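Below sits a lone chain in structure tokens, taken as the form predicted on its own.
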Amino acid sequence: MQLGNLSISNAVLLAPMEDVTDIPFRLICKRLGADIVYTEFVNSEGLIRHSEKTKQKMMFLPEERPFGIQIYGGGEGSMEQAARIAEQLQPDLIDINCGCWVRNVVGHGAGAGLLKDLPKMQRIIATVVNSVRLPVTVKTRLGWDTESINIIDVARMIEDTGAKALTIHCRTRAQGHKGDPDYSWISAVKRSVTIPIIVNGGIDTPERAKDVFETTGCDGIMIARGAIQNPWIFAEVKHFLLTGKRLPEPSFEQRLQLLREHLHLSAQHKGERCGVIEFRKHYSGYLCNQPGVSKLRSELMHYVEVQPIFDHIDRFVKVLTTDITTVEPRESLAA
């Protein structure tokens, strides 16, 4: 896949996800093999109104490169200004969100709402492309619903604007995250345009990743929710594509080690209390497949400091390794 100065074969990307793809999580995924990582969704209106919270979403570290800032909005003027503000931070690319299905985004004519007004989508993308020197990419869905799938025409239109790549979430806006993604359209899209096509939606195993590459001829895949539960998926996919064999499942000790590293990064970049609270959504991914972990996850939710969490986990591991049969739901490990 050629994207500006970037050249990546069988690219495996981390999808932009609101309240998920912050600096700590991106660093973890990058270290585990993600080829490109992205910000959370950056609201163009918030950006041009100088919202500090919105600006913070665009911050990144050198080790995250290649790195993309994803912006969204329903106005040409605000998107143009937002793109120029984003470019000042010198990311490797700017991505336009034309696929978010959430009601309050769609209701403002942004995200997947643009699928109901293709001339407006075209104007916004072309405006952004012409306002910056960085490569501009687009992420969208197959269509508004199953009765209005128009991704081939949309892909041609996006290529005509000068956008350098297209990511397709292989569900409709009406589906949201429900139902099986339909990858069958991708081959036809590939035949219709020359820009790189990246496939998103439902890719949560190495086997699924390999099948998507082989059956669609896509240039890359983008992993979203599958990375929340299993950030090792980037390394697993790359190993499977290369060898046809699965990497061993991460051991519980490896999961705990990565949990500690991730939590430390979260506290470091957000402040201890905020970092700990915002990390809570990651416990279910790291703590699984061991007796008593559901109770452990529940108990860790009460903490707002890092060290008590580490101490609690150490006590859990000590009990587990001493006699696994003693770790029963009736016994609390709380301090």
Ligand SMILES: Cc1cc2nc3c(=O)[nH]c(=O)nc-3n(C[C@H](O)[C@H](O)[C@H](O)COP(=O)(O)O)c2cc1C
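Note that the structure is predicted; figures quoted are calculated from it, not measured. Numbering starts at 1 and runs along the sequence shown.
Quick note: we don't show the form predicted together with the ligand, though the next part is all about it.
- Only one segment in the set 251-259, 156-164, 84-92, 193-201 has residues whose heavy atoms sit within 4.5 Å of the ligand in the model of the complex; it is 193-201.
- Contact annotation: of the candidates Leu115, Ile223, Leu142, Ile125, the single residue with a non-hydrogen atom within 4.5 angstroms of the ligand in the model of the complex is Ile223.
- Proximity of Ile313 to the ligand in the model of the complex falls outside the 4.5 Å heavy atom cutoff.
- Though the partner is left out of this view, Leu320 does not reach within 4.5 Å of the ligand in the model of the complex, counting heavy atoms only.
- Remark: Gln70 counts among the residues lining the ligand in the model of the complex, judged by a heavy atom distance of 4.5 Å or less.
- Although the partner is absent from this view, Phe41 contacts the ligand in the model of the complex, with a non-hydrogen atom inside 4.5 angstroms.
- Along 1-30, these residues reach a heavy atom to within 4.5 Å of the ligand in the model of the complex: Ala15, Pro16, Met17, Glu18, Val20.
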